[in-house]
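Next up is one chain by itself, shown in structure tokens, the form predicted on its own.
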């Protein structure tokens, strides 16, 4: 990305933050909180998710079979099934249906798949009026805007903005103001459009192949009116919406409302086996509006759309995208999405975390590339997805393909590759941007930085250097750079003579993994971790090791990350085989061992490394539970602490260990419930995303500057969290929790 492109992207993000950010934040955070409360009332939440996942896996595996089954079912009911290859094919078929019915007006209920094929534009170009009857979609139709959210398309609009829009667009007797007035106006206006319409178009959340039964999960009654009030129904659905049977709906009905809007169940869950049997309606006949001929006049057309889905099904990495039930939990739980919404974090149709998979599959890598970097890989969406899709991994794979130019998107020009040739020991092809190469090879940067420190720190912080880094590498000059230590943790440990506890005198031996930042920048937290472990009777080793590969992976440089994994795993597995535990200070590196190494190593090595590795406070908690004395550690004596846990640490459910240990050591702990600091490693350094990262961080700043926390010691587990907190709370240095327990402090 050129400096000019970065400037343009940063400007667009600032515009969206200013114009849409407040409404998006209020609504998505409300959905998110509602989801937490609603799923907490389920005793079998994880079982439901596993059941839903299994049904989708089975359905996608048997997709060709289910397509033929639903064709037979629908045709037996008197309807028609059309399998459309792509958007143009689907639109042509729908236009023919509308023409055959001599329809001047089509009314629609909300359907993202119809957005995907842009059917409104196609029909309107042929002289047919098309009206959205979902309130949010209607607002956007009037405003001539695209949806910014999968479930709540007008989430970026405030009530005041909608009132201004309606009052300007419609000839209303009195200005509309309240939500009730706006809703009533829309209801009456769209009621007239529904009366005029000959064709009703819907989507389908699920379609049962055995019977052709469609499930529509909605918050408004417009879908039912669209179907019942018109003689002809066209249902548009991607082929992935097929499930085997109606009984398979059960876990999805339990999960979809909770996951999307935090409702135990949505206002309407409608099951139709079309053509529906209810009588047709003659709105002009006040005496007998219901047709005496019953449902004989009704037509039903199920348009199943492929549009890239078959290719996604055959793609081992994108296949999981087809399990998506379009609930938007990934979007609502994403800190970046909460700030900017789907007009930045989305493509032609789909938005939020899963959008990268959809857009790459149905539109191509060019579209996905426009917003793919907004996924920071924090993994907060992983546990929120009701079908357990590994969304960050899909985003990483697509990022890798964009870097490599697979599929036609193309990486950046390779004309500057000569600048970094030999300096970037990665496995990537030419064309990967200098910015990504810099952050993806941060191990090299750190080694050089430490070797030349303090001169390297002084030079990097000079104004000309910052200007050059911003112009060439896109590192925002407002972000404070890390200061490299001249003596790394490994060097300090060797100079110290190794562990103070001999292996023969210890009950346990541990290998402290010297992650990139602990070894080169946050050396003090590494020293503290060693002393804490030794105080609890553990003999410690700190070997020189390669970095985990987190840095290249976050840039979508999978081959390089895989090489790191292959370098890191053998020596650590040797230690585990010898009975030593692996202790990790940096949560994002532990997450690599636990999660991403499952994609980079064979299953046996991954499982052994994951099982033998522990986050440092998790390990301390285990030692205390097995009889070690907390009095061996520095006592808090009631010191007030404000603690922010790392996002990936939370995904792994490790936060409780830290708070439990601090409580045991007599610290008075208040924990942040903000889910992300917004820094996310390299993300917050990048000029195009700096303002967004700081906007996300505002929640954390507000929480840690409130009266009950403003005078507390600030602690955080992750490097990125510590850096962001230092930027947010100027002059109030943050610390890793293990430093509080250091007997030498």
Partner chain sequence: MSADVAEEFAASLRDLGVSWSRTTREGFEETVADAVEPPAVGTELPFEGVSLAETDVTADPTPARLDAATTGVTAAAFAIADYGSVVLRPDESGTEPVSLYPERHVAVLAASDLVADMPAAFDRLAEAVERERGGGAESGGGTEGGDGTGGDAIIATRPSATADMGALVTGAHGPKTVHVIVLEDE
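Keep in mind that what you see is a predicted model, and the values were worked out from it rather than measured. Numbering follows the first chain given and starts at 1.
The discussion below concerns the form predicted together with its partner chain, not included here.
The partner is absent here, but in the predicted complex a heavy atom of 266, alone among 317, 383, 266, 539, sits within 4.5 Å of its partner chain. Though its partner chain is absent from this view, in the predicted complex it lies within 4.5 Å of a heavy atom of just one residue from 87, 573, 229, 112, which is 229.
Note on the interface: of 208-216, 362-370, 544-552, 319-327, the segment with non-hydrogen atoms within 4.5 angstroms of its partner chain in the predicted complex is 208-216.
Taking the partner from elsewhere, every residue among 76, 134 and 289 has a non-hydrogen atom within 4.5 angstroms of its partner chain in the predicted complex.
At a distance threshold of 4.5 angstroms between non-hydrogen atoms, residue 186 is in contact with its partner chain in the predicted complex. By the criterion of a heavy atom within 4.5 Å, residue 476 is excluded from the residues contacting its partner chain in the predicted complex. A residue is said to contact a partner when one of its heavy atoms sits within 4.5 Å of a partner heavy atom; residue 637 fails this definition for its partner chain in the predicted complex, lying far away. Taking the partner from elsewhere, residue 221 is found to have a heavy atom lying within 4.5 Å of its partner chain in the predicted complex.
Along 254-280, a non-hydrogen atom within 4.5 Å of its partner chain in the predicted complex is carried by 254, 258, 263, 264, 265, 266, 267, 268, 269, 270, 271, 272, 273, 276, 277, 278, 279, in order along the sequence.
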